[in-house]
Ligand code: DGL
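In the block that follows, a single chain appears as structure tokens, in the form predicted on its own.
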Amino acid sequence: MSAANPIGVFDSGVGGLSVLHEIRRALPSEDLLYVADSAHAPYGDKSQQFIEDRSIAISEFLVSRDVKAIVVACNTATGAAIAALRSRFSVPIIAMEPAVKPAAANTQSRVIGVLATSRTLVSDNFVQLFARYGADVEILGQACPGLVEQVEAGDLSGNKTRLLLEQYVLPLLEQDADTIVLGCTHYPFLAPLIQEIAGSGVAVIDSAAAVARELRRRLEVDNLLADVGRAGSECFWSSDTLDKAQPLVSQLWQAEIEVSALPTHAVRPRPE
């Protein structure tokens, strides 16, 4: 393994681009490969076996591109597949974790809300977080069906998106939550609207920056950081049709970029 090798990042769709933004800020010299599995988004309503199969197939694709680390930029895939990935692949694999710890440390009302997919909220990872930090803090989990689809459609501020967010956020405020954790990597793209609905007195936090820091730490430990001073590159793949993927990824990455079709062997899922 060489420090010149790229870093692989994947998500059920385009949400992981919020993590990729933070990785780029933290590691400007690294080459980044991103896979959006948008043809199968959202993962939140899929079986664990389906998510595990997709995560393995995409990771195999990234490993075939000689990545030196993989970031699972999806809370649902982390909960469903991280153990299988780490047992199967030798490269460092960095997982997502909802920012419950900093939320619990900073809340004044002692009530925090977690917006996430239903599968994330019942995952072992989240149950462990709840047990670890829920003794002195009330943690309100809120499943958010439909939000991933809105981001995948590029609708970050329309009426339907606002109505969904009000449906999910306002009950948390009514229960005195003063901190809202974004437990899905799609949701940071909705953070401005969430903040508007919640009000300035409510903190809205996610874990993307922490994941980028952990990735940097792991690369430092293994002496795999790219040479400082070079400009890193980005390459993008999607399992969705390119006429949908190209404008959406460009919109969320905030630059005109080229998206390639994910190879067939990494696209075809096993039946549900």
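Counting begins at 1, following the sequence as shown. This is a predicted model, so every value here is computed, not measured.
The discussion below concerns the form predicted together with D-glutamic acid (DGL), not included here.
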Position in contact with D-glutamic acid (DGL) when the complex is considered in the model of the complex, options 190, 71, 184, 181, heavy atoms within 4.5 Å: 184
Stretch in contact in the model of the complex with D-glutamic acid (DGL), which is absent here, among 242 to 250, 38 to 46, 214 to 222, 25 to 33 (heavy atoms within 4.5 Å): 38 to 46
D-glutamic acid (DGL) contact at residue 148 in the model of the complex, heavy atom, 4.5 Å: yes
Residues within 4.5 Å of D-glutamic acid (DGL) in the model of the complex, restricted to 104 to 127 and counted by heavy atom: 117, 120
